[in-house]
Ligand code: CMC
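Single chain ahead, written as structure tokens, the form predicted on its own.
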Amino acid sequence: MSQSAADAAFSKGLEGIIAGETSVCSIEQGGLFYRGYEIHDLAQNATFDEVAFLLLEGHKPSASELARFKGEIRAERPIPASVTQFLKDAGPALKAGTAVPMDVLRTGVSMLGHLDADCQSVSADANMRKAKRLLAKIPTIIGQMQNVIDGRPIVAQETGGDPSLDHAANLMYLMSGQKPSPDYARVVDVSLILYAEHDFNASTFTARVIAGTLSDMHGAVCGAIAALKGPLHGGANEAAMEMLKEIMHDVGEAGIGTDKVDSWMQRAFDTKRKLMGFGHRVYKNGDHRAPILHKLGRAIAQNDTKNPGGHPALQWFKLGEQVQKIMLEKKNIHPNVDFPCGLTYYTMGIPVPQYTPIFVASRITGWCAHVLEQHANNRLIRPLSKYVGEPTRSWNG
């Protein structure tokens, strides 16, 4: 391609560029679809386990298929002793803050690759087996990591959880040692459905680029985890909650609903501070997922007697709603799903540094579906660049 043709095709951040085809997911201004099923329909009528089957195996499961799938996942929940030991060894760094859960999770997944008999194969059958193992084992890594951080004995180390619990409920049980209430389990289950897949986002595209070299699934997933960690991608749910905690600290509970919040926001606008949890590269009229999770999270907060962060749970949602209103009125920017996710998880007492790892426990289904698709019809992903350096010159000139 000539430089003039490259210039014409250039779009910073690949915005608006179609980089491939997929049958996994479609993002439209009017809806988000997983293999043809709209996200509101899935959030209301499906479970995450069913959605995981849909994404990985390609169709809605029958009752017998779902039972078989859940049995396969439960059987793969335990993690190798060497991974558990690594998590224990990482404990001091996690507590000191020199290591963060997303980095520890990435290393844990890499270790799983070394110990997986199928690791080097990119065949469809091997990829499907690895996808199910990763789906099963990532919550176990997250749970054991949180046990280490909390100084608590590892929960259900031999089994990777409670066989009676589905994916979301088992994840919460592994992290805390307490089985969640049905309401809590359902809210987390829906959040996992909402996070499961989202087209060629940064982490999924990273996974496909790696898979496009015919590298292995564990390597592609490690790359995806590294991409998801960033605050402009998956880390936005953590950053959004930290921002709300800062506002609450500065204005106080009595400041909610007053011009103190407006003043805080105006200072942020004046200093061009990036406010996390708002806006989206694709959605122009609001993220379809955000109101689903906001409604469920607010209902939890209304009925919750806990006081996360020293303030009644509902106060956090009232603060969040005021921030949303100001952003929409002054900047015409809608919240994305990360904003209500931060509020909802915080209300349920989930540690903020684990928000993005929990995202991984969901998005692993989408990533693996895309790796399967990439390997099935592969072409190396190799875009051009626009050169903006020095013109041609002589070394000895």
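Small disclaimer: the values here were computed from a predicted structure and weren't measured. Quick note: we count residues from 1 along the sequence shown, nothing fancier.
What comes next is about the form predicted in complex with the ligand, which is not displayed.
Where, among 113 to 121, 295 to 303, 229 to 237, 137 to 145, do residues come within 4.5 Å of the ligand in the predicted complex by heavy atom distance?
-> Looking at the partner contacts, the answer comes out as 229 to 237.
Taking K284, R289 and M327 as a possible spot, do all three reach the ligand in the predicted complex with a heavy atom inside 4.5 Å?
-> Every listed residue reaches the ligand in the predicted complex, so yes.
Mark G279 yes when one of its heavy atoms lies within 4.5 Å of a heavy atom of the ligand in the predicted complex, and no otherwise.
-> Close contact exists here: in the predicted complex, G279 approaches the ligand to within 4.5 Å, heavy atoms only.
Is there a non-hydrogen atom of K260 within 4.5 angstroms of a non-hydrogen atom of the ligand in the predicted complex?
-> Contact with the ligand, no.
Heavy atom to heavy atom, is I333 within 4.5 Å of the ligand in the predicted complex?
-> I333 belongs to the contact set for the ligand.
So in the predicted complex, does R273 come within 4.5 Å of the ligand, heavy atom to heavy atom?
-> Answer yes; at least one heavy atom of R273 falls within 4.5 Å of the ligand in the predicted complex.
Though the ligand is not shown, can you say which of W367, F359, Y346, F48 has a heavy atom within 4.5 Å of it in the predicted complex?
-> Spelling it out, the residue with a heavy atom inside the cut-off is F359.
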